[in-house]
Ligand SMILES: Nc1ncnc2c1ncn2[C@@H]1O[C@H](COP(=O)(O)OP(=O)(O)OP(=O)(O)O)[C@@H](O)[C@H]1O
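Take a look at this one chain, the form predicted alone, written out in structure tokens.
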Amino acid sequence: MLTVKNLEVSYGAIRAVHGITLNVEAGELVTLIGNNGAGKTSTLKAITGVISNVKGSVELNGENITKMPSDKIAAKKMAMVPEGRRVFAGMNVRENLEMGAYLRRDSEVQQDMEKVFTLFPVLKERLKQQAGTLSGGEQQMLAIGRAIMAKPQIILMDEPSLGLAPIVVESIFESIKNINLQGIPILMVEQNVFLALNVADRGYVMENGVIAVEGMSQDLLQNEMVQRVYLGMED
């Protein structure tokens, strides 16, 4: 579904990502974990075409999309849930969801909106409410719902737990797992390593712009380095 090979990302003379390789297969939920500054968000920006100063290759369903403009990538059904939600604050909930479907010309838009309401019933109650007045958790639900409205082949998520209360985070992660179980592949960047590995099939641990370790999620949860550095477990 998504294949990234030898990806390098630079900001001027500073290289943020040092030739990483990763992939997401059809139906998988894969997480990219690591501390702040590891290069996770830069990786997502390179994949989605937000930044173009990259080397290596990015393929979506076998098609090379490296350095393709972000609007062209979005048209190929790659949806992004950005860090910090970035909902359209002055628009209401319905308008935000409709923006997710703005490239669609099929007849199933309303049907998919109902799927979003099934996943996040509170959004149906807030249809006419301005997105900027929603709580942080509700805005995150809206950002995820907006991505679903694109009828994506794959969803990329950047720090879905950021700034949310623990009880809300658990609900969001349960929803992410449910979305994946519907057959939508997901690549999720996340700092909450424990929760991320508990919902993902596989994981990549990123440190200082490189992949330090990778594997099945349950194996990573038992990995000594992951336990010590990211889970706060001592020998």
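Numbers follow the displayed sequence, beginning with 1. Quantities reported herein were computed from a predicted structural model and do not represent experimental measurements.
Just so it is clear, the following notes concern the form predicted in complex with the named molecule, a form of the same protein that is not shown.
Residue 37 is the only one of 37, 166, 183, 69 with a heavy atom lying within 4.5 Å of the named molecule in the model of the complex. Proximity to the named molecule in the model of the complex, defined as a heavy atom within 4.5 Å, singles out one entry of 192, 175, 61, 41, which is 41. Shown alone, this chain has one stretch from 166-174, 28-36, 61-69, 192-200 that lies within 4.5 Å of the named molecule in the model of the complex by heavy atoms: 28-36. The closest heavy atom approach of residue 138 to the named molecule in the model of the complex falls outside 4.5 Å. At the 4.5 Å threshold, heavy atoms of residue 220 stay clear of the named molecule in the model of the complex, well away from it. Mapping the unseen interface onto this chain, residue 95 falls outside it, with no heavy atom inside 4.5 Å of the named molecule in the model of the complex. Heavy atoms of residue 16 reach within 4.5 Å of the named molecule in the model of the complex, making it an interface residue. Along 196-229, a non-hydrogen atom within 4.5 Å of the named molecule in the model of the complex is carried by no residue at all.
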